[in-house]
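Before any questions on binding or motion, here is one chain by itself as C-alpha cells, the form predicted on its own.
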C-alpha cells in the first residue's frame, strides 16, 4: 500500500490497562488512515477507548504495540523533546473541558502553542488576532477566561488549537459541555476553519448529527474501528 501523502497513519495499535488486578484490553489492533484535509468522526460507548486512542495519536500516551505516523514521522521513535516539538507544530487539540489557563487572558491563551515552540513575534500576534476574529472574539483579547461563557471558552480553545497551523486537529467531545445551540455553532466553526486551513480532523463525538458532517464515520467497539455506512 502506498501511504505517500497521508497525514496520519495508525497501524495495529494496542493498549491495555489493569483494573482489579486484571488486564483490560481497550484497543486490539486499531488501524486508521486520515489523508490531508480529510475529516473523520469516532463514536463508541463510554470507556471504549476513544480518548485513549486520541491521546496515543498525540503522543500523550504510549501504545503497547503498533505505530503512529504523523507526516511520515513515527512518533513512538522520537525523543521526548522531539515529540513535544512535533506535537506543538503538527497537532492541535480541542478538549471537552477547554483547559484554558486562568492566569492568562484570551490572546495569551491562544498564543500559548507558539510560545511553547519558541515563536513569539509580530506574525504570531497577528495570527492570534486573525483566529480570534474568525471565532467571533476579536473584541475579547484581554478578557479573562473567567469572564467567558462555555461557548466562548471553547471558541478560544479552538483558536489556540489552530495557532501553529497544525496538519491535524484532534477534537475530544468538543461540545460535551455546551447546550445544543452553542454546540452547533462550535461544530460549524471547527469544520469551517479546518477546511479553510486544510487541517485534517479526527473528532470523537457522541452526537450522530455532528458525526455525519465528517467525510468518514467510524465506530470504536470491542477494541477495533469499523466504518459506519452513511
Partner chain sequence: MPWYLYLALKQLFPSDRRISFFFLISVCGVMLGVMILVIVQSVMGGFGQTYRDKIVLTNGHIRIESGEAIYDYQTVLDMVDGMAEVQGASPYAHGVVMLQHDNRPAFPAIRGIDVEREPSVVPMQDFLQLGSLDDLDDDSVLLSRALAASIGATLGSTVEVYTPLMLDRLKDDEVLLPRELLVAGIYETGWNDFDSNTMVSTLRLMQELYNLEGAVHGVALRLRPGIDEAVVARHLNEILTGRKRAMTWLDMYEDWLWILQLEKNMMFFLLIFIVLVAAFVIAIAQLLTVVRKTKEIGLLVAIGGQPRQLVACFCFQGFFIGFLGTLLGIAVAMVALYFRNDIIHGFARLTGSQEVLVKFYQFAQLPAHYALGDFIVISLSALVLTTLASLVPAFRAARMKPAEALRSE
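Residue numbers count along the first chain shown, from 1. Given the structure is predicted, the values throughout are model-derived calculations rather than measurements.
Unshown form predicted together with its partner chain; subsequent notes refer to it.
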| property | result |
| --- | --- |
| Contact assignment for its partner chain in the model of the complex, among 127, 140, 153, 87, heavy atom within 4.5 Å | 87 |
| Sole residue of 132, 93, 75, 148 within 4.5 Å of its partner chain in the model of the complex, by heavy atom | 93 |
| Segment that reaches its partner chain in the model of the complex - one of 45-53, 63-71, 187-195, 200-208, heavy atoms within 4.5 Å | 45-53 |
| Three-residue site 176, 178 and 214 fully in contact with its partner chain in the model of the complex at 4.5 Å by heavy atom | no |
| Distance check, residue 121 to its partner chain in the model of the complex, heavy atom within 4.5 Å | no |
| Stretch 100-125 - residues with a heavy atom within 4.5 Å of its partner chain in the model of the complex | 100, 101, 102, 103, 104, 105, 108, 112, 113, 115, 116 |
